[in-house]
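Next up is one chain by itself, shown in structure tokens, the form predicted on its own.
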């Protein structure tokens, strides 16, 4: 079983309990206006260019393709860069190779485990399930997910993984479509299943200025939490450096909100509703 990953990060302490290794899978069906990992959106390998150290020789530009008026770097660009600033984002790897690599650190990860993130890891569900099967009983596994996938697949993953980090972004479906490109109906259905499954999980709310941090949205999410018996969330404040990665992909970062506005931390609403929280 082959999968496509774009990063493996070791010694992570924010992607689940304990010290973990996080595997980032490429491909995501959402297009969140604030996406912090644009290199995880495409289901294909991409060439990225580091902006640091460029001597403006234009060797990569001279052999690039122009598609719809946009610069697309090529293999020749990688070869011709004297500073070695171009590289591929995306590596094909078999589930056997990946799990063998992960289990080499099994002893070190006894107090933590392995987290699959993305992109959206459920978008490569067959590969993900094969990895979870190979790791079952050997190491703790967690899934960091938007919850966007068909319910049958989601139930299979819930049956295999040990822990979930589940994003709840927007309670209103219209706003969810506007800012992520997809409906939240299947997400909320999967969240309801997860909450009733007995599987360990944590809800995470990305705080995006004027979008997800509004009183209306937080109140809507609190109602969803109450319906599912959840009384703890983790808050992820917007990172104003989010746009830096887009330049590496020759893409323009154009969020549908004013990123200069300070994020509101919804302490009052959460405390009023007896929802404990942690700001990451």
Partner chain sequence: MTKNIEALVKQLKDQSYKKYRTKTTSEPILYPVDVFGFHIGNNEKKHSLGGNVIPSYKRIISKGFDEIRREIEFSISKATEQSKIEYGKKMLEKMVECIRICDEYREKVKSNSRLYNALQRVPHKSATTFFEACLFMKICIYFLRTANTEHICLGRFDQYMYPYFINDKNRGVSDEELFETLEAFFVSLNYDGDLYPGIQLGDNGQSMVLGGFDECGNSMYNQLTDMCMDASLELNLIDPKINLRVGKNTPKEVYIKATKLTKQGLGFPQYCNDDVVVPGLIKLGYDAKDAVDYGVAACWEYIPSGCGADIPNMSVMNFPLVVNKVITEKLCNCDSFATFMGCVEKAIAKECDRIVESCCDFQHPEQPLLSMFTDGCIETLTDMWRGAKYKNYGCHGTGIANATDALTAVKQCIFDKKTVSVSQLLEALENNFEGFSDLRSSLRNCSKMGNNDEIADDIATQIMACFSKNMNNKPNGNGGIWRAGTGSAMEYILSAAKCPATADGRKAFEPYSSSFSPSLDVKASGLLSIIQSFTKYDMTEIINGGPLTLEIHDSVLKNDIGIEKTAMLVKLFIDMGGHQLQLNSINRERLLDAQKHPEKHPNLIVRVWGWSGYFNELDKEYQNHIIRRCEYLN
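Because the structure is a prediction, the values reported are computed rather than measured. Numbering follows the first chain given and starts at 1.
FYI, the form predicted in complex with its partner chain isn't displayed, but the following is about it.
Q: Based on heavy atom distances of 4.5 Å or less, which listed stretch (188-196, 175-183, 106-114, 70-78) is in contact with its partner chain in the predicted bound form?
A: Careful reading of the contacts points to 106-114.
Q: Quick check on this chain: which one of 231, 50, 227, 58 has a heavy atom within 4.5 Å of its partner chain in the predicted bound form?
A: Contact check passes for 50.
Q: In the predicted bound form, is there a heavy atom of its partner chain that lies within 4.5 Å of any heavy atom of residue 98, even though the partner is absent here?
A: Residue 98 lies outside the contact set for its partner chain.
Q: Counting only non-hydrogen atoms and a 4.5 angstroms cut-off, does residue 87 reach its partner chain in the predicted bound form?
A: Yes.
Q: Using a 4.5 Å heavy atom cut-off, state whether residue 276 contacts its partner chain in the predicted bound form.
A: The answer is no: residue 276 has no heavy atom within 4.5 Å of its partner chain.
Q: Although the partner isn't part of this model, could you tell me whether residue 266 comes within 4.5 Å of its partner chain in the predicted bound form, counting any heavy atom of the residue?
A: Residue 266: no contact with its partner chain in the predicted bound form.
Q: Would you mind checking 244-280 for residues with a heavy atom within 4.5 Å of its partner chain in the predicted bound form?
A: 244, 245, 247, 248, 278, 279, 280 sit within 4.5 Å of the partner.
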